[in-house]
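Here's a solo chain for you in structure tokens, the form predicted alone.
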């Protein structure tokens, strides 16, 4: 059992207070300006002719990121040694919960580093790459994309076909990546490629690649149920990368890819707790306002049970996540090599939240009735998000495999 605490620390309280002010003073005016531009919203953006997120919506998000970085809010999850906030995973769950509950589906979500920002994996970059890539990511000056998945390769990472071969002190990358978030806009790509075939978990290496380097091509948009115009393909045709752009060491790509993926899995705890609480707040308000037979539907036991089940799922998933995050903080959530007890805990966080949040979102739609079915409503959007969450960063079935391996090890 863990010996740490799952309570919010004083620096979390300070962070959330500053983030609340940031939402009011910095994000609100940008949201108002965007709403008058006729290009959709942060959660339902208009798309351009190629299916990509409208440039004005993307730029509004970018402005939030730059301002958040300037305010010291953007990268609390990154180690203090490289310029981040140095927050623990327990602290980050409290931060993420606050951000998702109070930003909802608005522009404010961009104020906390997400997949476009710095990741725990990229902290291992060389000193030369730190100034060129890591610091600009921390400052919100550039954005990144994690390039792991391929058209026919998802969970089975070791089956990827993208290759990198030595050419003098440089590396040459050839291959194709798909289902990549932020592929259309990223400035730097974290590309995982095979450098030594048939070497098991040592067969992969992670490279930092300039998105505008010769040989890099941005492919088509891949429309998904999120309808945000941010998912696409990337091609690599003889892309030359200097040795200093190797992250950590040659052969560490699998461990680094898992550090990135596990980070996203652990973030489910705060995300689902925050969005779940936001949906519950909206459902309670709706049940008090909506009437049937002259009485609020909140008086109906069927509706009360929907609300009670939402609350139960949110509370249980949140509690389980905080406990697991505390245990992971003691084990080292991003250590290389990773403690053998860690994968089970990471997978517990993901599967518990993916499935609980899907039930919460489903019941939120039900409480809202017809308005919950309306395209573009928060409930409809988060129902699609909830269904989506069961697949990226490892399906819920793969999480169960990892949990079983941990038990049987």
Ligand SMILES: Cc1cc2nc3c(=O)[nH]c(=O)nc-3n(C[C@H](O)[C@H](O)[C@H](O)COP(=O)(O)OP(=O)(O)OC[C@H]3O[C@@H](n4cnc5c(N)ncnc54)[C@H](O)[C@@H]3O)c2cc1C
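Worth saying up front: this structure is predicted, and the values here are computed from it rather than measured. Positions refer to the first chain, counted from 1.
The following text describes the form predicted in complex with the ligand, which does not appear among the structures shown.
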Discussion item. Since only the chain is shown here, I'm wondering whether residue 181 would be in contact with the ligand in the predicted bound form (any heavy atom pair within 4.5 Å).
Written reply: yes
Item to complete: Using a 4.5 Å heavy atom cut-off, state whether residue 20 contacts the ligand in the predicted bound form.
Response: no
Worksheet item: Within a 4.5 Å heavy atom cut-off, is residue 395 in contact with the ligand in the predicted bound form?
Response: yes
Item to complete: Find out whether any non-hydrogen atom of residue 148 is located within 4.5 angstroms of the ligand in the predicted bound form, and reply yes or no.
Response: yes
Item to complete: Select from the listed residues 155, 312, 135, 79 the one whose heavy atoms reach within 4.5 Å of the ligand in the predicted bound form.
Response: 155
Discussion item. At 4.5 Å between heavy atoms, only one of the stretches 290 to 298, 225 to 233, 195 to 203, 88 to 96 reaches the ligand in the predicted bound form; which one is it?
Written reply: 225 to 233
Worksheet item: Judged by heavy atoms and a 4.5 Å cut-off, are 31, 35 and 47 together in contact with the ligand in the predicted bound form?
Response: no
Worksheet item: If you look in the predicted bound form, which residues in 76 to 93 sit within 4.5 Å of the ligand (heavy atoms)?
Response: none
